[in-house]
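A lone chain, given as structure tokens: the form predicted alone.
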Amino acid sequence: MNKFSKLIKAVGLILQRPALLNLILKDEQVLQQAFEKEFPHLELQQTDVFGWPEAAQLTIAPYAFLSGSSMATDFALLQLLCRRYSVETYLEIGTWRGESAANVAPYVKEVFTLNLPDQTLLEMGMSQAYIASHRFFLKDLANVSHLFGDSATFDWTPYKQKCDLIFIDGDHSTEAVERDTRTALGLRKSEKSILVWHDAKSDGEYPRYEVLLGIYRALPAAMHGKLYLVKHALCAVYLPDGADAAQIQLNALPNRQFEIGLKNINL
């Protein structure tokens, strides 16, 4: 939806219910309303992968604690999935510093990671420091292959029906998430392949409807029942074999705690 269409929709809503102005200013609440209108019978499910035996002890490395990254639990999720389901080929849309790819590389046969070319980032007005940060943690990893292009126009032909796990972490607009999800469906090696979306939640608890709209629009209705938000993380995951899950309860009392040890490694 373009900006003009959004404006027309916003004006219509305000005329009907002036109090909605506060919701429109926040935008995410309007997106939630759109989601609930489009999927009126859908209840968001949440699964807790950190109850799996493989999650008893995890090491997240590298982790930079810098802007634009993921939660440590997001990287832990990707590790857990790769280990639990014996992932061989992992592909991600959105490289950034390379932390996600670096965290899964020890557990898979091959990693493919797509990002915009440096020249494109330069033409977009990005700083040299920002551009230099891309792929920083992937310099010495032999099983990582770098792909360059826009996910909307990239030639995905060599990777179709090849991937065991696809991690979608590119443009988070509804339209882009829907497009990348449709692309990911064609990249699956089989119906047993796993899909993961980053930033499907705005924090460790609250859903992010801008992203969820794109996901649910792209997935066939038959797959909706095996799509879960991940407790303690920002991700959503599609697990073909299903998982123990429950309806989301916001601001519920914690049912587990984590212990984090920090080891400072100078670069």
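Residue positions are given as counts along the sequence shown, with the first one as 1. As the structure is a prediction and not an experimental result, all values here were calculated from the model.
Just so it is clear, the following notes concern the form predicted in complex with a small molecule, a form of the same protein that is not shown.
- Taking non-hydrogen atoms only, W96 approaches the small molecule to within 4.5 angstroms in the predicted bound form.
- At a distance threshold of 4.5 angstroms between non-hydrogen atoms, T183 is out of contact with the small molecule in the predicted bound form.
- The closest non-hydrogen atom of F112 lies beyond 4.5 Å of the small molecule in the predicted bound form.
- By the criterion of a heavy atom within 4.5 Å, G149 is counted among the residues contacting the small molecule in the predicted bound form.
- Taking a 4.5 Å heavy atom cutoff to the small molecule in the predicted bound form, the contact residue among L141, A72, L80, L116 is L116.
- In summary, the region of this chain contacting the small molecule in the predicted bound form, judged by heavy atoms within 4.5 Å and restricted to 104-112, 80-88, 185-193, 169-177, corresponds to 169-177.
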